[in-house]
Ligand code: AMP
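Here's a solo chain for you in structure tokens, the form predicted alone.
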Amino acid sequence: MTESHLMTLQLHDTLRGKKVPFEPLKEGEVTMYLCGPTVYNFAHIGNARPAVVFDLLARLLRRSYKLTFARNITDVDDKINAASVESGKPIDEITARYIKAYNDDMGALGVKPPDIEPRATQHIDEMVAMIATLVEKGFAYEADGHVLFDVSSNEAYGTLSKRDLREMIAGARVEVAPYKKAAHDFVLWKPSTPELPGWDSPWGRGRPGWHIECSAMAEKHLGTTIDIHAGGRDLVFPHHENELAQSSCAHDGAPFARYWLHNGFLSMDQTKMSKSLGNVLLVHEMIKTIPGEIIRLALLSAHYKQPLDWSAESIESARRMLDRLYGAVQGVEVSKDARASAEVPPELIAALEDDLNSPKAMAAFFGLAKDLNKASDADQRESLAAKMYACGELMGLLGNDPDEWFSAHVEGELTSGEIDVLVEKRIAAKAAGDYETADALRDSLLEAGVTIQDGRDGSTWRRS
């Protein structure tokens, strides 16, 4: 990528509330931190959205920069403790199982491993040191074996989530714990009873609060100020607000992250996904019957900042889209040299550099497929197919053999996407004057129980 391309990346920064040009702290290098899973259960489709979205961003960044990408594992948490009690299994056994499951399941969605995967339990010393610094500087206080961040000591608190501290205090409805000075003060360290995980500290045996974990791990592996901090919109408050407060206070006001990126919520058929409603879909179960690429494309079908409504139609639409892409390259021989020299079209790159506009990028991808379906020259077809594979490498799609992709479908019945592909090929054959191929395609569709109706507005189809 050219130097001018490096300057075109625009990202929507939550802190500034607008889309701004991206410039890393250090020229040619980028640090990115993504809040990863709390490993007490399998990941649901909502957990998968940030993993997929920011995997795409990481792929884009690696074209131009030396990226160091950290995605953490929260392996000490009250939910994990509860899962241990409920199942009767040791905490280490639970976390090891779900760490492996998370990485395997995300891998099935084309999510590449991060450069660093820090675990909370391996960074207790760093957390204790940061908490001690906050106490020493007057931003935290000890009470009844707890250490709490004194929110009133940080004038900038609320800037990320655009919340006014006075309004938060006035609107507080929660019962204040007796050891807290104020309801909005949050826990940095809490005591552990003998049966719970715990580590020695200046404040007694205990364990860290959730928010301090990410601040300590990000500093350890990426430095005092990181370029990009990413996560789901649900983390803006309180998690990321608290991270920002404690990190900047620990480092004398230095910025914690130069850019804050947040993906939108995922809902189920217009209903917010929640365990209480019983509409949580586990990726671990979904990938048993749905190819991971289909799930990935469905997650990229809306702009990452926008809400995404998940439904059976999401899956079917993504399947049809992938069938069209695989149908276009099916039967086209592409040499290693052609693949190696193929470049992603500028319009697809431009779409991704415009705040990761994946729907617009996919439109450019389909433009290539359309051109390939129309092309008759062998060299041109190979060149277009090679470009499609280059797009697929960037987007995390088109990683299967086309013949195997289609043979994996239900035997004996064409999918809607496969029918679309054949109809498109027939239209292209007719346009090129190749009526023999057009008739053969029509006959094969009829044999499969599909009738084509040609009209002034194009060709439509229906199952017989």
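From 1 onward, residues are counted along the sequence shown. This structure is a prediction, so every number in the text was calculated from the model and none was measured.
Heads up, the form predicted together with ligand AMP isn't pictured, but that's what we're talking about next.
Remark: of stretches 138 to 146, 232 to 240, 180 to 188, 153 to 161, the one touching ligand AMP in the model of the complex is 232 to 240 (heavy atom within 4.5 Å).
Just one of Met106, Leu325, Leu266, Leu356 comes within 4.5 Å of ligand AMP in the model of the complex, counting any heavy atom, and that one is Leu266. Taking non-hydrogen atoms only, Thr68 never approaches ligand AMP to within 4.5 angstroms in the model of the complex.
Under a 4.5 angstroms non-hydrogen atom cutoff, ligand AMP in the model of the complex has Arg49 among its neighbouring residues.
In the model of the complex, no heavy atom of Gly396 sits within 4.5 Å of ligand AMP. Heavy atoms of Arg426 never reach within 4.5 Å of ligand AMP in the model of the complex, leaving it off the interface. Annotation for 26 to 65: interface residues with ligand AMP in the model of the complex are Cys35, Gly36, Pro37, Thr38, His44, Gly46, Asn47, Arg49, Pro50 [heavy atom within 4.5 Å].
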